[in-house]
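Taking the form predicted on its own, here's one chain by itself in structure tokens.
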Amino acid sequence: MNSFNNVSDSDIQFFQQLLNERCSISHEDLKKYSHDETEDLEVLPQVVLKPNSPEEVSQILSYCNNRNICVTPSGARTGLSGGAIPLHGGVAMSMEKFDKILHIDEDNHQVTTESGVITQVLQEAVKEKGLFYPPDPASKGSCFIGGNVSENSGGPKAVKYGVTNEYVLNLEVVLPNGDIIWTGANVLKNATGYSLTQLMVGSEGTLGVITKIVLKLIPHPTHDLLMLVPFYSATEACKAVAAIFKAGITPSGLEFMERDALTWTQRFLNDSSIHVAENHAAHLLIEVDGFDPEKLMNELAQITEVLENFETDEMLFAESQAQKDTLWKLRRSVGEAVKANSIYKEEDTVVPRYELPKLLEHVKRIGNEYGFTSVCYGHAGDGNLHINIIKGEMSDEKWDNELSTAIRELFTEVVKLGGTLSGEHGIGLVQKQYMDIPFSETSLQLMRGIKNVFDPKGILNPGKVF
């Protein structure tokens, strides 16, 4: 394990001269930047720095690299794998001052943005030009686009439009030694050398600090339709997912919610507008979008025809934008509702979508064996199931000593199904102990070798991924 130097008074003096009031050692700020949204984990940094230019980031990293001080990049701290927790103290480098959209290129359908822009702000800005940036994580109203790139975020739209990496064309990155590079080119095709751009996407802030991002955009759909479908069996709901795709339809959103996921969220939001009957085991939230209303009505009719082969209750078709907004708010608030309801751990497994029923069966079986309950929901259309393990009546001793064994068993079954540990939350701090399940030692050594090339002293976001 790396041994880092503490931040000294002379280091603080250097940072204050560089950043003035954008350097803080107040307990309030140290506390604020000590955690993200991962469970109740927190570690205080020794200083919080808020640079506002690539040159300032460069000076900070060069200084810290020379003095063996660790640096943890910090975005909006909405992550769920502990990626922004400053595990070894040192510097928490907030990117919140990088908050400008630099250029919307309507001719080439691209946008150049700084990394601290809120994702929804970016989406709304390009929408005004008739353009669309599809990746839409649940925290899109507060998360930063740089964090989305670092975690390769997805969201409900990923089933039709893909995840973040499919839209990133080029990145300005500051390396741990302070060098500033661009990773690619602002073009749609690039077969020039290794793709440093794609290497940076999903690297969880361990290889460099992203300061600018060039994203591909597409025309914004003009119409969408939304339906909520109650199932008497959660397994049947999962089976219906693959059936919809086998019928030749690709929805723009296909979300799965177990009963508790929906009812807990209704209580959390104090919203009873959607009736959930006692025998509703799960719901699918299905959206189609595009430019031709008649074609969308036909797609919804085809989906309804597929669902007639399953035991469902009456389907709800959203009749207004307000009703659509309500349904999406319920879905996007599930994570917050679960967190507010109970002590929990969230896993972010992903399998081929046809294997979702088997994955759900494994989750419930392992829960019965180890004594925990679970609330499952997620992006069923791309096989991404968020598994919230609820402590409930499980003893503290079992929770502390046996849960990791249960999670290892779950991840082993996931990999057997052709899946992997994380679809969009990343590995970060909380999943790194399980990386031997999907990867051989040879693969892990290759990854460690890449980390060593970029960051030979290991100062950048140490203690994550490996």
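Note that residue numbering follows the sequence shown and begins at 1. Everything quoted here is computed from the prediction, not taken from an experiment.
Beyond the structure shown, there is the form predicted together with another copy of the chain, which is absent from this document and is the topic of what follows.
Checking 422 to 430, 25 to 33, 50 to 58, 402 to 410 against another copy of the chain in the predicted bound form, the stretch whose residues place heavy atoms within 4.5 Å of it is 422 to 430.
Contact annotation for the candidate site: Q266, T312 and G367 all lie away from another copy of the chain in the predicted bound form (no heavy atom within 4.5 Å). Scanning K216, K324, K391, K100 against another copy of the chain in the predicted bound form with a 4.5 Å heavy atom cut-off leaves one residue, K216. For the options E172, E347, D382, D289, the residue carrying a heavy atom within 4.5 angstroms of another copy of the chain in the predicted bound form is D382.
Heavy atoms of L41 never reach within 4.5 Å of another copy of the chain in the predicted bound form, leaving it off the interface.
When contacts are judged by a 4.5 Å heavy atom cut-off, Q16 does not count as touching another copy of the chain in the predicted bound form. In the predicted bound form, another copy of the chain sits within 4.5 Å of a heavy atom of E355.
The shortest heavy atom separation between H223 and another copy of the chain in the predicted bound form exceeds 4.5 Å. Applying a 4.5 Å heavy atom cutoff to another copy of the chain in the predicted bound form picks out S203, E204, T206, L207, K216, P219 from 203 to 231, in order along the sequence.
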